[in-house]
Ligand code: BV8
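Shown next as structure tokens: one chain only, the form predicted on its own.
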Amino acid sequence: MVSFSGAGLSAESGVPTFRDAQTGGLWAKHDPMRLASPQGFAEDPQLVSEWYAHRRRAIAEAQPNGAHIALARHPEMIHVTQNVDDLLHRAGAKQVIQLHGTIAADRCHASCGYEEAVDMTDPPGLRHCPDCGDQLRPAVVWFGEALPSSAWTDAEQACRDCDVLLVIGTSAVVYPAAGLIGLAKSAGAKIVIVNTQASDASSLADVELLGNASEVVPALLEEPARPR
């Protein structure tokens, strides 16, 4: 079994989806494309830096929910996720493939190879790469950028080889990541979907369970107590 997760996995932990975070407060007036694109970073790196500092603090305060914990209790499982948070890692999951990078690190914007972990509770401001002098930016995939090739290769392999793909909390509209569901299906895997509502992947499901991930995923994965 392989899990494939989206924003719905972490939403119950208090991590707002990217677009939900735009609906009110400080960031409502900003176009997401300005906050998560190379063009937006070039035009106003300070704004982008402040936005990601805000998100990092919110994620630092969040805690893994029942779904993260249930997934992590299966060390044999590979977890392919579109999420950039670290909640699966904090729950104890070992085999995590983050297709869209990680918000818990900065990398060189010039892609010289430099990367460093950041303190999510006290995010750093704008600074320069110590190797090449270009600016550092969050180690996430922005609009218009390619997915990390190694992560994509590993995710494709995991989905081709799995017997069951457990799809959790994704609308299945962000490509190429969403294409992994069809890839697993075409390779013969059973597709089990856990979501709060029907999605673009519903037509591929062998089983679709509507409900909160924090309740449904543990019920699926955790062995019930045996009678004495």
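This structure is a prediction, so every number in the text was calculated from the model and none was measured. Just count from 1 along the sequence shown to find any residue number.
We do not show the form predicted in complex with the named molecule, though everything after this point is about it.
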| query | finding |
| --- | --- |
| Candidate stretches 181-189, 195-203, 157-165, 39-47, one within 4.5 Å of the named molecule in the predicted complex by heavy atom | 195-203 |
| Close approach of Gln98 to the named molecule in the predicted complex, 4.5 Å, heavy atom | no |
| Close approach of Gly211 to the named molecule in the predicted complex, 4.5 Å, heavy atom | yes |
| The named molecule contact at Gly144 in the predicted complex, heavy atom, 4.5 Å | yes |
| 4.5 angstroms heavy atom contact with the named molecule in the predicted complex for Leu220 | no |
| Heavy atom within 4.5 Å of the named molecule in the predicted complex - the one residue of Val84, Leu136, Ala91, Val80 that qualifies | Val84 |
| Of Ala72, Ala151, Val140, Val118, the one that lies within 4.5 Å of the named molecule in the predicted complex (heavy atoms) | Val140 |
| Residues of 168-187 having any heavy atom within 4.5 Å of the named molecule in the predicted complex, listed in sequence order | Gly169, Thr170, Ser171, Val173, Val174, Tyr175, Pro176 |
